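Below, in structure tokens: the form predicted on its own, a single chain.
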Amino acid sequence: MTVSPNPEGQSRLIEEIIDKGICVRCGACVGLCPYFHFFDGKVVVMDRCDADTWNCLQLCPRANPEGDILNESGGIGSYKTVTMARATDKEIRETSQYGGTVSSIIISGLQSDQIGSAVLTDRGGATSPEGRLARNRKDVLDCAGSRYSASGSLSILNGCIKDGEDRIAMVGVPCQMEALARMRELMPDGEERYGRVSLKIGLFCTWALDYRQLDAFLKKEGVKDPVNKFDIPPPPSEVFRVQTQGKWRDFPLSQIRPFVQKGCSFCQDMTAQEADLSVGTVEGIEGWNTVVLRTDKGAEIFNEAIEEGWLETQAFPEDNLEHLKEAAQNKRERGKKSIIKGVRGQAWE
């Protein structure tokens, strides 16, 4: 998954990713390089770097797409089992987007000392959502819910590693899980950096929105108050829901899709295949999460949350599993087609 060594790594990242508008704002380069900063939904270049390294380029999930063909295990990648789960705690369920499974796992892991801290995404406010380090239940619940826009939260992980944190749980979307996988290949300390992350929880993602474009649109439409929650109900609704002060307002998805990040079109991964476990909604069954258990670590901490009474589970319907695989495979094929069509130009030839 690595990019060939190049002493002009930062220049190439700027010219071929950022300037071309295909940066997905994952935050992998921020904090790794002192000259990148995440502000208000955008990666900002503070100064040019003359270091003879290319780590920022190696981490970027939009670099070298031709070399990143994902495995073909049923569209959702390798897994041990797929199940449904939801929080048993009423406050967690009411605060979370759907079933509260991610919040429950993180709170369980913090209280049992399986993890020391967790990198999550806050709700934003005057600026875009950003990464946040959570150490307790309140921190976790303050970050509950879906954002639908990039948060640059890997920048917080880079800062935690630099500060000596370990046993970190990272919650992120597929491109962020891919950047984490690339981290292992960094020289000279990739394995050590990667080893600080004890749990990777991936979130299902079809696409993410450009925060600045979305924010400008909502203000134009009269949405002035802070947004508490976003939601996209399952098809055939075709609406984007925005909650402010407890009230929902619906917009046609056709008005929102133009704000999808350009870089998302190259993504082949809907279910975060590089994670220890992946979590999404359950189509047609309100208040429950789909949980894809992928690794021994993911299964261990998930089962501990059940044993400690944080989660309850049900069997995952076979029809839902087939539909999930189909949807994931469709996204994979769309990503491949975007790459093959050469939408990115000739940057990587």
Partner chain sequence: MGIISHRSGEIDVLLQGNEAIARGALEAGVLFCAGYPGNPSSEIIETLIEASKELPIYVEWSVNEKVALEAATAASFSGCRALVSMKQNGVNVISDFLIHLTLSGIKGGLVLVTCDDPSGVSSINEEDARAFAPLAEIPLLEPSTPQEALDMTRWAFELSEQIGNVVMVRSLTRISHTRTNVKINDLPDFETTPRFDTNAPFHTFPVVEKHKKRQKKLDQAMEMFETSSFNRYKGPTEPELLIIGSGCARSYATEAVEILGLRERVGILHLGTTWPLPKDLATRHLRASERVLFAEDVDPFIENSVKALAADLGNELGTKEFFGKASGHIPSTGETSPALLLEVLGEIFHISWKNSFYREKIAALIGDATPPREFGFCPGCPHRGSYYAIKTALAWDDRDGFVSGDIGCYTLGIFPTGFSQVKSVHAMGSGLGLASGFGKLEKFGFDQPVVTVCGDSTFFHSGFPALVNAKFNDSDILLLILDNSATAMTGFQPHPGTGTNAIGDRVEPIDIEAVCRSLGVDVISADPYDTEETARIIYDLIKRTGPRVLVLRRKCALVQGREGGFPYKMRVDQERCKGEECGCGRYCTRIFRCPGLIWDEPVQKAKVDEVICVGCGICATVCPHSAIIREEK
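Positions refer to the first chain, counted from 1. Model, not experiment: these values are computed from the prediction.
There is also a form predicted together with its partner chain; it is not shown, and the following applies to it.
Residue contact check for Arg137: none of its heavy atoms lie within 4.5 Å of its partner chain in the predicted complex. Residue contact with its partner chain in the predicted complex: Asn289 places no heavy atom within 4.5 Å of it. In the predicted complex, at least one heavy atom of Lys42 sits within 4.5 Å of its partner chain.
Under a 4.5 angstroms non-hydrogen atom cutoff, its partner chain in the predicted complex lacks Ala315 among its neighbouring residues. Although the partner is absent from the chain shown here, none of Val223, Thr244 and Pro252 has a heavy atom within 4.5 Å of its partner chain in the predicted complex. Per the 4.5 Å heavy atom criterion, its partner chain in the predicted complex is contacted by stretch 44 to 52, the sole one of 276 to 284, 317 to 325, 44 to 52, 290 to 298.
Residue in contact with its partner chain in the predicted complex (any heavy atom within 4.5 Å), chosen from Arg184, Arg212, Arg167, Arg123: Arg212. Annotation for 98 to 122: no interface residues with its partner chain in the predicted complex [heavy atom within 4.5 Å].
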